[in-house]
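Just the one chain here, laid out as structure tokens, in the form predicted on its own.
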Amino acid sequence: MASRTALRVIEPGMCTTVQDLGRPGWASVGVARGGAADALSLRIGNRLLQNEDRAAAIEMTLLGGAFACERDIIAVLAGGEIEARIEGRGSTHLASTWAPFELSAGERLVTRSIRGGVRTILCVAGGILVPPLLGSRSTHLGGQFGGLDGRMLRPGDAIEVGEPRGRCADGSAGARARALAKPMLARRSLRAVDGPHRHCFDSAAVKRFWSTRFEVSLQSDRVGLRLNECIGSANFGGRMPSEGMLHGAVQVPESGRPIVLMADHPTTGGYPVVACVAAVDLPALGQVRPGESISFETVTVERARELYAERERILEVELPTR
């Protein structure tokens, strides 16, 4: 049987992992959904290659990596704009984000710093193949499971790829993908609904939360975005019995400095939740860089549902599934 190895890691970059759409349905046993921090870019990248939305890909953070191609493949870079070039035998050419490109055996894909976001997804026609665990190929770094041995990619790692499902998208589809995704991922005023513990904060703290422009701490990762500004703690001091938590929940610990839970968040938490980012803006949340500023815009639950449904309708029109 021919080897499925298509890429070999030369330089992995800062925090590069295998991710898909995660493993929903396991929170009751302490396993978060996880998956790509920017699931919209993963889905769009996969659609450009005729993959299923949930196909696994390589998520790069802040700094890309270098990969040697061992057999011919078609790939696409989606999400944060990234400097990328394809190096062959005596020639070099650029690869643009959102545009499918060919990689031939013997060539190298070299990616550098990510601009206009924090994460870039490298999707490959056929999807990345690693052993599934609880229905997903996603890496959970904190739990050290999933992906490739539950860890970040290392030099020398062999990346296996499945068989392509069909003809990849043309340039016009890539242009539509860029036009669709970029405004959504660039949002830094994140729409959010009131959290279940809003009543635990005095009116001044709630007003500060909705009116403050927060700087994102350097101590942020796939577990949570820590915000530097203080809104004040809850009336009971910031601790409470643990409850179930969601991606996008805005917890406020005793320090009064909010933490926005990310893809690899703990499934329970003992800090009150003042708000929760609407599902439509979770991909933008996954593209916020440390040092950037964000704010929150209040919407009702009904409006949050409408916004999500509207985005899904647009996605189906512009980039329909097979």
Partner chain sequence: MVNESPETQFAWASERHLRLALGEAGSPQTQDRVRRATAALEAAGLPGLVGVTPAYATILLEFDLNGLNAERSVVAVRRALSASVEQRAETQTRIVEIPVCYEGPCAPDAPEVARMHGIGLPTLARLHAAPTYRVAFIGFAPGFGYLSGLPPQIATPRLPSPRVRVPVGSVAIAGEQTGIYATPGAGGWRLIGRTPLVMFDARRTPPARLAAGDLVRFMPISLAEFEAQMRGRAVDG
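Numbering follows the first chain given and starts at 1. Treat the numbers as computed from the prediction; the structure is a model and nothing was measured.
Keep in mind the form predicted together with its partner chain is missing from the figure; the text below concerns it.
With its partner chain omitted here, the record of contacts in the model of the complex names 189-197 of 189-197, 119-127, 80-88, 102-110, defined by a heavy atom within 4.5 Å. Residue contact check for Arg54: none of its heavy atoms lie within 4.5 Å of its partner chain in the model of the complex. Interface membership of His247, defined by any non-hydrogen atom within 4.5 Å of its partner chain in the model of the complex, is confirmed. Not displayed here, its partner chain is approached by Gly142 to within 4.5 Å at the level of heavy atoms in the model of the complex. Its partner chain is not drawn, but in the model of the complex it has a heavy atom within 4.5 Å of Ala278.
Note on the partner interface in the model of the complex: the residue among Arg154, Arg71, Arg239, Arg165 having a heavy atom within 4.5 angstroms of its partner chain is Arg239. Every residue in the set Leu133, Pro266 and Glu312 has a non-hydrogen atom no more than 4.5 Å from its partner chain in the model of the complex.
Contacts between 22-49 and its partner chain, taken as any heavy atom within 4.5 Å in the model of the complex, involve Pro24, Gly25, Trp26, Ala27, Ser28, Val29, Gly30, Val31, Arg33.
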